[in-house]
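Here you get one chain, nothing else, as structure tokens; it is the form predicted alone.
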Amino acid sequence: MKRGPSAEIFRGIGALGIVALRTARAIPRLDFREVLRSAAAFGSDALTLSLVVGAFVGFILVLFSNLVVVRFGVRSLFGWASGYAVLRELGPLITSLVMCGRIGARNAAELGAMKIGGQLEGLVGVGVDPFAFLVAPRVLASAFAVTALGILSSLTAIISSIGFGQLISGIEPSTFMMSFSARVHPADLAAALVKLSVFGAAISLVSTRTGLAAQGGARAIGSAAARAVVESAAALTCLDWAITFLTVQVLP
């Protein structure tokens, strides 16, 4: 009997919950050397891309903020508007969406290939828990890597906003930094760190579930990687709404 779309969604959520539970149970037994190795691999592969994305985010913010500055003459709020938007929303979300294609697709393809090739069954056969050996380290590494890349990307976006703000809007860096330091608070940075760490873990969990569900041959591996990107992006959108709602209540 063919399942409807809603049944598939609930089935996927249930499978994701099982993956998350098994990962949490495996964390005390994981190898931290594997965490560091995976974090270094995830971070180095995407560092340049994250910095470029951050620079363009800063430029886009300046273009939109310039409309407000010209229309209402609120030059004193330029630094706050750019910094708040980067830390609370654009920095974490855009960085994580980019990482869906780098971390998520790679993780799903690797785990899918290992499952189809029988390597995961081989690990179980010799008494090694794949979740402690492979999955849990990658989840933590993804959270660390996305958080670090998100902070660097956000910093790049703010620096880019300062430069383009002076070039396009004629706002001096001192004016920008005065507005930024006076109105951007530690709670904004805390909200960014919460989002980035949760987003990073979510990308790895969703892509793990997708990879472990792969069946077939080489085409299945490609399909798993593609689904990992799409499903991770959907999960990030939902999580972004939920975390934004919660952090506004807790970290206003």
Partner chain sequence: MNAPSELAAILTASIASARENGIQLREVLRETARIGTDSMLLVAAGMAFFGAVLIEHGASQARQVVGDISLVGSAWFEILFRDLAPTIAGLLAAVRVGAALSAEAASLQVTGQLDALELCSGDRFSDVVLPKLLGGVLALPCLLIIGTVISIVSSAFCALFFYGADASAFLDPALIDSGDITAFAVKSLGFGLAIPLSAVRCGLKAEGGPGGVGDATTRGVVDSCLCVLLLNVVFGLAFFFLKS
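Positions refer to the first chain, counted from 1. Only a predicted model underlies this, so the values are computations on that prediction, with no experimental measurement involved.
Beyond the structure shown, there is the form predicted together with the partner chain, which is absent from this document and is the topic of what follows.
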Since exactly one of 93, 132, 152, 120 fits, which has a heavy atom within 4.5 Å of the partner chain in the predicted bound form? 93
The partner chain: the contacting residue among 41, 226, 190, 47 in the predicted bound form [heavy atom, 4.5 Å]: 226
Which of 123-131, 81-89, 172-180, 141-149 sits within 4.5 Å of the partner chain in the predicted bound form, heavy atom basis: 81-89
Is there a heavy atom of residue 24 lying 4.5 Å or less from a heavy atom of the partner chain in the predicted bound form? no
Determine whether any heavy atom of residue 18 comes within 4.5 Å of a heavy atom of the partner chain in the predicted bound form, and answer yes or no. no
In the predicted bound form, does residue 159 have a heavy atom within 4.5 Å of the partner chain? no
Is there a heavy atom of residue 105 lying 4.5 Å or less from a heavy atom of the partner chain in the predicted bound form? yes
Output the sequence-ordered list of residues from 95-110 with at least one heavy atom within 4.5 Å of the partner chain in the predicted bound form. 97, 98, 101, 102, 105, 106, 109
